[in-house]
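Same protein, same chain, two forms; see structure 1 and structure 2 below, as structure tokens.
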Structure 1
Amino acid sequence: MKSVASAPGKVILFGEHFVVYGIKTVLCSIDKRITATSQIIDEKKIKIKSDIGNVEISTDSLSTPDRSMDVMKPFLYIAKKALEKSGKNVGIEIKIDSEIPAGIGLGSSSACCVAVAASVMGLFEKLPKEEVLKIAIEAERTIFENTSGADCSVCTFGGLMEYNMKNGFKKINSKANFDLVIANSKQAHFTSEVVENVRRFRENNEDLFASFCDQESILIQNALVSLEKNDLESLGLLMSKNQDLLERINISTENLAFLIREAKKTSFGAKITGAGGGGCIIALVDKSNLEKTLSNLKAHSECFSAKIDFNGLVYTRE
């Protein structure tokens, strides 16, 4: 029997970083997925095959993995949890296939944690999405202790949502009809490092950071109204204003700022998405300016268009 699960990547429309300090974020999942396929094997090993590497480890060594396996920690955590919960003395083979490049701010790490949690736990028992989410967040915390949990939430439930650390997620039932152009700066980044830099910035600039949080909150209230009305012109302007705040907390780079300036020439608005310090920018478009924005950005970067995914996590046993 194979247990197959796929979870979408995500973009953050508003509120990255500020969400870690209690502010609401608005995000959506996108139509690019990660699929995890697991099966039970007789050999007492966990075997992982993925684009970011292949790993084999004895089930007896799961509590003490080698440092070279650090990137695989979330998946080893999930495998250990599944074996403990089921009480079975078996091995597990996990294959991960991704349409989302790693480390570019599109939620590949969260989507992987969600897909692997659903697939591996599903070998023994099909869990409700709420429980998959809980395990996925625990797994992601093995490599990124301070995650707000926003990314895993949207990768699990899909669609457009608001999220805050206190109350979790709330679906946004908007008729918003937009496309996004996503451009990759090709600058690698590590979310946990960028989040740590922002923590230091806040420590040294407490009042300023508090005023940015207030501004971000107001901006998000307005964005929710624009989403409700599907008013893309005002939504785009708000995204560009959000970018100004992200620049003030030093998570932009020259390359990202350049791509955003270019994107703003033809789209409704543009900003970094996710941690920043590299990774991707998103530009808000509809049918009227999608092609123009794509061809404009293609001249400077690797880019593609994406739509909102409304399915979230999908999992089955074959």
Structure 2
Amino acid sequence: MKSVASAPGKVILFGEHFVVYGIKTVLCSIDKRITATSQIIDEKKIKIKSDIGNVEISTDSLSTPDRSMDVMKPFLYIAKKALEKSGKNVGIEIKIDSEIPAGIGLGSSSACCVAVAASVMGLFEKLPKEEVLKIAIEAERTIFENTSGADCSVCTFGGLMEYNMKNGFKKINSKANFDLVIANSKQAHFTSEVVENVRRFRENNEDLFASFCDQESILIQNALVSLEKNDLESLGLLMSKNQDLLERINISTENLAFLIREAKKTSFGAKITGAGGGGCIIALVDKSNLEKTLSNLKAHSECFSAKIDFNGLVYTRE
């Protein structure tokens, strides 16, 4: 028997960085997925095959994996938890297939954790999404200790979501009809470094940063209204205003700024998604300007279009 689960990637529409300081963030899952296929094997080993590498480790060594396996720690954690919970003395083979490029702010690590948690745990017992989410967040914290859980939440439940550190996530009941063009700057970035730079900016500019938080909060309140109405012109304008704030906390780069200027020529609005310092930008479009925006950005970057995924985690047995 094979246990198969897939989870969507995500983008952040509003609130990145400011969420750490109490402001809401607005996320949506996208129709690019990561699929995990698991099966029980006779060998007492955990075998993982993926685009980011392959791992083979004895089940007896799961508590003390070699440092060379750090990138696989979330999946080894899940396998260990599944074996302990089931009480089975078996091995597990996990294959991970991705439509989401890694390391560019589209939630690939979170989607991986959600898909692998559902797939591996499902070999022994199909868990409700709430339980899968809990395990996925625990797994992701083996490499990102301070992760909020927002990314895993939207990858699990899909659709549009608002999130804050105090109250957790809340689904946004909107069937907003828009597309996104996602362009990759191909500029390497390290999330931890960008987050630390924002923290230092806040320490050195407390009053200014507080005013940015107030502005961001108002932007998000207005964005939630625009999403409910599917008012793309208003939503795009708010995204561009959000980008102005992100530039003022110094997380943009010349490459990102250039792509955003190009995107705004044909889209409703554009901004960084994720940590910044590199990674991707998103441009808000619909059928009227999708092809124009794709054509324009393809002249300058690697890009693709995406829709909102309203399904979230999908699980099957084969």
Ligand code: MEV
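Since we're looking at a predicted model, the values are computed, not measured. By rigid core we mean the largest C-alpha set that fits within 1.5 Å across both forms. Residue numbering: structure 1 sequence, from 1.
- Structure 1, not structure 2, represents the form predicted together with the named molecule.
- With a cut-off of 2 Å and the rigid core superposed, Y21 has a Cα displacement that reaches or exceeds the cut-off between the two structures.
- If you fit the rigid core between the two structures, you'll see the Cα of E131 move by less than 2 angstroms.
- S98 is not among the residues whose C-alpha shifts by 2 Å or more between the two structures once the rigid core is aligned; its shift stays under 2 Å.
- The shift recorded for the CA atom of S192 between the two structures is 3.7 Å, with superposition on the rigid core.
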